[in-house]
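Read the single chain below, which is given as structure tokens and is the form predicted on its own.
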């Protein structure tokens, strides 16, 4: 198999950790390095967390690089209320000692993109590292193949303000600079940003029954996932009333490998950098501005197929086995109205698209 060469830029982060697990178990990817940016946790803690995941997966051969420690202009605001004070659900796993993070992620990115061809970037955190790369090395992008970012939102509401997704809200100036580069930089004008935003990632919920299934498949991996996600699950229950946790970042990795998992449309996109709408993703879906379409905005995803993809890759089980189990335990929500039952009958069960209804 001709694996795609990728650099993963991230801010681990519980869902980043799950995304790394998926990427590390995917033979379709050749991970050249992992670059860390401040986001969910400070950069140094994010690097420690990336190394912990690499150690768990027996892949400490992949280098980790420290990137930017603060946003381009605004004050840094972490997301440790969501991910825990250590970024991995307050598990406080011991730091890796066999190897340590390297310095200067920006130089690593520039050197790799200058010296190699068809290198893609999967950005799972704020886009500060990528913006700095564009500022310092604007001519290094000859080797860039594709750029996928988990961030932003189109019609979905925000997760850290009424209108903004956290990664772009954390550093809106960086996000805007990156999107503008895909409009005006001659080396990028024929390419588009693939935006995996809240419109699709919000649908990907890791539930307790899925974790139980994972523990049966592999107690080692399943228990690791349960350990790092429990804090995240508790947060989602208190904050949103969700039984489970939204795992945004793994969908970006899955989509990069299999484009049929998500669908969307092309548009010009920019980011608001000031005021009460700071961090909002402004998608010109109706082409009012007549500008170059610098992005591909994902709006639909197949929840069932994603879960099948994730479990098949990470746990190395046949698709048929996973599919049969998911048909038993996965409830896929739709916008279809619940059936009207005039007189409750508790001796029978009716099934609809949204699950089981008494």
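Note that the structure is predicted; figures quoted are calculated from it, not measured. Positions refer to the first chain, counted from 1.
The form predicted together with a small molecule is left out here; the points below concern that form.
Look at 157 to 165, 209 to 217, 262 to 270, 176 to 184: in the predicted bound form, residues with non-hydrogen atoms within 4.5 angstroms of the small molecule sit in 157 to 165. Under a 4.5 angstroms non-hydrogen atom cutoff, the small molecule in the predicted bound form lacks residue 153 among its neighbouring residues. In the predicted bound form, at least one heavy atom of residue 249 sits within 4.5 Å of the small molecule. When contacts are judged by a 4.5 Å heavy atom cut-off, residue 113 does not count as touching the small molecule in the predicted bound form.
The small molecule in the predicted bound form comes within 4.5 Å of no heavy atom belonging to residue 49. In terms of contact with the small molecule in the predicted bound form, the residue from 195, 200, 228, 124 that brings a heavy atom within 4.5 Å is 124.
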